[in-house]
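Take a look at this one chain, the form predicted alone, written out in structure tokens.
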């Protein structure tokens, strides 16, 4: 029989690595709580239409990367490739616009894209992100960006670079797209077949192409920053000014468009100087038309999503504290009930406790205590049970003391 293995593009997470994930998740909750973000959890799969309408039918994600399937009622469902559209759907469907304030959410969890597995990026990958709805001010753009960059620095990731652009709005982008199409057609022979197809659909996607020739051609294209309407220009200027107030350095990247069609106005990306070619940590931007596109009111939005695997790669310095359990041993099987009861009492006091139920002799139990790196082994035998005490062995120093059970908790508070 063939060995069953995990599907390509997925991976298992074990201790002690899992400690880094728990550290990151706890840090997300703590940090974004300072800005009044609340956690939201959405389903792992949604109706496929949500992503084709929300992300954009011409995007690489929708065209090539989604895990889509039909259920038993022949409905088309998709494992979520990103979570912004799902959060917006949840807000609309559950009427959170009327019942919650402020509309600030954070999330983390698995996403799914059929893509070539890379360092720190799998086909089942994990993202955390934040979303702000109902505020179109440039200052909230800057605050979201600050909260993205500052959080990474609090984690100890020092070498981060912020790139910033404005991708315009429905008022100014159509005229720019026509100019861009003309420039792309003039370079058509140099573009790959996929980018030639994008010219009539969404030529902004050409900027995302990783083909060298397409990148060279794109550098000769006009940039959207020269075609912004007055409102977008003023908004972008205010975002840059506010980031300066917040002491957040940035670089302007006039060809940064992000990979999803719902972005308007501000777009940004944060990369790392520590990861080589696959260096993107997070990206996001404003999406002022998405709520309306998905059937809700005309409500502004902005957010970002970060790749958790790539951030975990930066936490090599982090050594999650290893548990130092107490091992409750018993001399003979007749004392097992006392060992179980002592373990229950200790666990209620908050101590991690292990009991070996296999009825092995004390020598083997001490070996097991060493294997699990126990701090102390608590031994129950005839003398201890009769006197209402327990023998406590320090596994590091090998020193042993007999402690009365009524004094054990106080003794552990001082010595554990």
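It should be emphasised that the depicted structure is a prediction, and the values quoted were computed from it without experimental measurement. Residue numbers count along the first chain shown, from 1.
In what follows, reference is made to the form predicted in complex with adenosine monophosphate, a form of this protein that is not presented.
Asker: Heavy atoms within 4.5 Å of adenosine monophosphate in the predicted complex: which stretch among 244-252, 229-237, 333-341, 282-290?
Answerer: The contacting stretch here is 282-290.
Asker: According to a 4.5 angstroms non-hydrogen atom cut-off, is residue 305 in contact with adenosine monophosphate in the predicted complex?
Answerer: Yes, residue 305 lies within 4.5 Å of adenosine monophosphate in the predicted complex.
Asker: If you check in the predicted complex, is residue 135 within 4.5 Å of adenosine monophosphate, heavy atoms only?
Answerer: Residue 135: no, not in contact with adenosine monophosphate in the predicted complex.
Asker: Check whether residue 120 has any heavy atom within 4.5 Å of a heavy atom of adenosine monophosphate in the predicted complex, and answer yes or no.
Answerer: Yes - in the predicted complex, heavy atoms of residue 120 and adenosine monophosphate come within 4.5 Å of each other.
Asker: Give a yes or no for residue 207: in the predicted complex, does one of its heavy atoms lie within 4.5 Å of a heavy atom belonging to adenosine monophosphate?
Answerer: No - in the predicted complex, heavy atoms of residue 207 and adenosine monophosphate never come within 4.5 Å of each other.
Asker: Given that adenosine monophosphate is left out here, which of 151, 176, 125, 221 has a heavy atom within 4.5 Å of it in the predicted complex?
Answerer: After the contact test, the surviving option is 125.
Asker: Pick from 198, 89, 113, 265: which residue has any heavy atom within 4.5 angstroms of adenosine monophosphate in the predicted complex?
Answerer: It is 113 that has a heavy atom within 4.5 Å of the partner.
Asker: Going by heavy atoms, what in 141-164 lies within 4.5 angstroms of adenosine monophosphate in the predicted complex?
Answerer: Not one residue comes within 4.5 Å of the partner.
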